[in-house]
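One protein chain, two forms: both are listed below as C-alpha cells, the first as structure 1 and the second as structure 2.
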Structure 1
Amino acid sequence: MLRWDRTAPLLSAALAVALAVLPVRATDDETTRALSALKSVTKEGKGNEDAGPAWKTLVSKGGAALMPALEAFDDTNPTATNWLRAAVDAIAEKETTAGHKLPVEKLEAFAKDTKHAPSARRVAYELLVSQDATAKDRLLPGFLNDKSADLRRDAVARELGAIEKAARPSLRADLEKLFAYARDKDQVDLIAKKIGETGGAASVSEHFGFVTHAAVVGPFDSTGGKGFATAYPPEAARDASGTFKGKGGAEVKWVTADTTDKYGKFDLNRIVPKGAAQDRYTDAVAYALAVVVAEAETPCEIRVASATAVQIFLNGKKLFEREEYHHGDALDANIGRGVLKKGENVIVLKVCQNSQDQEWARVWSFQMRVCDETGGPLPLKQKITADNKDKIVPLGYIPDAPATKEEKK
C-alpha cells in the first residue's frame, strides 16, 4: 500500500497530454535533463510545463533509465516523486511488454538499501516481486523494523499470518514481539486485540507514546484569527504556574486534565472552564503543557492531531506551526522534530479555534504523542500531578478504571 501524494490525479491528466503530443527521442544527456526537470516540479505547479516532455523523454529510454529514475526519488518532493513513480511504472510496463526482464538483482539491492528514499525502495520491491515470486518470503522478514512505513506494514502483515498459522505454544510471546514492530493504527489495534485473546495485555496508548496528562490554560482571544500570531505568556511556560489575562479580560489559570482515551484525545470544549450556559468557545486559543522525562538526550518527533491550527514548542523552542482550520484530525497530521534533553522536558501545544459555527467546525481538541522517526515508542516517562503530588509514569499511561460496585462485591 504505497502512500501517494494528493496531486496524483492531476499528474495522470498531464501524462495523458504528454503521451498524445510528443515524439520519442532520447539520449543519455536527455535522461539527465529529464530527471532534473521532473525533480524540479513543485506542489504549487512550478515546473509542470517542462515535466510532461521530460517524462516522455525518460520513458523513451526504456530499461536503461529505470534505476536512475528510482535513485532520483532520494532528494525530491512528493509531487516530483509522483512524476518519477509514474515514469518508473511506464518504463517497467514497456520493458515487460517487450519481453525484457527487469534487473532483479539491482532491484533487490536497491530495496534493501536504507539509504534510498522509502518510497523508491517500495517501488523497487514491488517490481522485484512482479518478477520473482520468492522475493516476499526472502525480503519481508528483514523489513519488520524498516524505516519505510509501507515495507514495514507488509512485513508485519506477513509475520502475523505466519504466527497465526503456526499456532505455536509461544503464540502470546510471538504476538507481543510483533506488536513492538507495528506502526499503523489498524495493525496495532488488531495485534493488541489478539494479545488480549491469549490472556495478555498490550497498551495501545503506551505503544504510541500518547500524552495522557496535561495542564491546560485558556481561553485567550483569537478574534479574526489574531491569536495564532499572538504569543500569549503560556507560550514560554516552563511549568504550570501563574495566572493570566485571558479572553475578555477574565483571569485564567492552569487546570490539570487527564484522558482515558487510548488514542490520547483531549476535548478542549470540555476542559477549558466556561460559563454554565456555554457549550464551546469560538475565536479562542488554549495551551496544553506536558512534562516528558528522558533518561538521555533523545531525538524525537512530537506528533499532533487537531482539526484546527496548532503550534508545537519544546523547552521554549517552536518546532512546528500550521494555520489551517477544520481540515480533519488525522493521526500524526502535524509533526515537530526536536531533541529531548536528559531529564524533564516541557512540551507546550498551542491550539486555536476560529469563529465557524457549523456542527463539524465545533470540534476543538488535540491528540499529542512523542515517538521516534518511525512512529515507534521511545523509553520515555511523563510527569503527572494528582492530589498535589507529582508522579513519574510511563508515557501513555492510563490508570485502571475504578472498580464498579458489582466488581467490589
Structure 2
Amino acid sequence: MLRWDRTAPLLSAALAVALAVLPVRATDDETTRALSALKSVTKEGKGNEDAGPAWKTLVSKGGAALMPALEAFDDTNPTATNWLRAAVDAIAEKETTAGHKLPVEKLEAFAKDTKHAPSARRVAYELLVSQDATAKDRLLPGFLNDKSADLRRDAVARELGAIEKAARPSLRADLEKLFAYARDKDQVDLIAKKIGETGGAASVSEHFGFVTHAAVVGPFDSTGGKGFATAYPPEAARDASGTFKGKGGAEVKWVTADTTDKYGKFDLNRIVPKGAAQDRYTDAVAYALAVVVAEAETPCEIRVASATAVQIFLNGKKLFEREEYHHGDALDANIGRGVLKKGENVIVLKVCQNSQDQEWARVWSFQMRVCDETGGPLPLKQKITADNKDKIVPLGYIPDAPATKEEKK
C-alpha cells in the first residue's frame, strides 16, 4: 500500500513534468500547423488569409521554430519558401535582439546536410557565420561541389585565394581541380586565365558544355511576329534532312555551322543563307539542330542565351519558350529542363527575329549549352559532321582549341 506522504511528492513531480511537457506539445502542434499553412500558399495569393496569422505564430515561437522553419524549405514551392525565408529572418532578428545565441551546432549540421534545400542551407550557413566567423574556413572547403550556387561560389573564391597564397608546385593541378568546381562565368574565366598563366590550358567551352556544331535551317516567315506561334516542320525534326518551304516560298534546307567562340555563340545573320544584297534578316525564324549523345538516361538543363525569342525542344518535346526581343542576351537566361535518353538526342532550338530596325536590333544569334542543374558539365558528347563524316566529340569541342578534354585523354 502506497503511503500518501510518500506518494504525493511523486504525483506532484509527475504532474509538474506533465504540465511542463504539455505546453511544449501544444507549441509543437502550433508550429506544425503554422508551417502547414505557410506551405499551403499557391497562386494568386491563395492561402494568404491563413498564411499571415501562421507567419505570426511561427515567429512568436522564437528560436524553437528556427530549425523547423528551415527544414520546411525542403518540400515546398517557391512562393511558400519566401514566406519561410522572411520568417527565418524575423526569428533570427528577434533572437539576436533579445541577446539569445542562435543554435550554432544545429545550424552547422543543417548547412552541411545536403539532403536539405540548397537555399535553406545557405540561410543556415549565413546565420551560423553571423554567430561564428570561424565557420567559414571550417565549412567552405566542403561546399566546393555544392548544389547551392552561392555556397559553391564562396567555396571556390576561398579556395582560389588559398591556392594562390600557398603557391605550391602543384599550382596548375590545383587550379585545374578548382576549375572543375567553378560554375559562375566570372570565376570560370578567372581560373581559366590563371591556368593559362601557369602554362596550362582550360577549355571554357567544354566546361560549360556549349553546343559548338549545329545544323541550321531558315528563314521561315515571322511577319508580324507570327513565326513564334507557327510550328514549322523543323520543329519536329529528328535529323537534319529534308527541304522546306521557307519565307517567301523559297526552298530552304539545312546547313551545318560550327562556332569557335568559347562561349558557343552562333551568328544566324551569317549562317542562314541569304541574297547578296541582304546583310541581315527581319521577321524571320531559324531552327538550329544539335545531336547530343548520352551514355545513360540523364536529367539535364538546356540553357540558351539569345537576344530574341526562343523555343527549346528536346526529342520533339517543347521544354521552354520565351517571346522577348532585344532586351539582352544574358548567359543562361532561358532554361529548359528535361531528361536525355541513352544514345542520341535531338535538340532543336527555334530562334525568331522581329522587325525592329535599330542597329542594335540587328543581332540574331544564340548560345546553347547542356549541363546539370548546377550549370556544371555532364558526360555528354555531340555528333558533328566534318568532311562528310560523322564524328562524336565532347560538348564544347572546338577543333583548334589548345587543349580539350579529348586531347588530354
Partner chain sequence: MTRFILTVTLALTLALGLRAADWAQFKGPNASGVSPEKDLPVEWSKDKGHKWKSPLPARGVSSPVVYGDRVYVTCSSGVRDDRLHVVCFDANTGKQLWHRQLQATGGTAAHPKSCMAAPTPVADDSGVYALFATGDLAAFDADGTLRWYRSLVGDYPTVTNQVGMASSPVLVKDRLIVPMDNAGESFIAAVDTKYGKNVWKAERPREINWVTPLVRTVGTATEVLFDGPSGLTAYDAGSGEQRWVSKLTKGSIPTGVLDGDTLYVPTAGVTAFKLGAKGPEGAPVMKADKLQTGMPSPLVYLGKVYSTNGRGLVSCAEVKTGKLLYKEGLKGAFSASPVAGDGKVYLLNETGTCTVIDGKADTFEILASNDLGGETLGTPAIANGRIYIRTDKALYAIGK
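Here, rigid core means the biggest group of C-alpha atoms that superpose within 1.5 Å across both forms. Remember, predicted model here, so these are calculated numbers, not experimental data. FYI, numbering is relative to structure 1, first residue = 1.
It is structure 1 that shows the chain in the form predicted on its own. Between-form comparison between structures 1 and 2 treats the chain as two rigid units and finds the smaller unit turned 17° relative to the larger, from C-alpha superpositions. Structural comparison between structures 1 and 2 after rigid-core fitting shows the C-alpha of Trp55 displaced 9.1 Å. Lined up on the core, Asn77 has its CA atom moved by 7.2 Å between structures 1 and 2. The two forms line up on their rigid core, and Lys112 then has its Cα shifted by 3.2 Å between structures 1 and 2.
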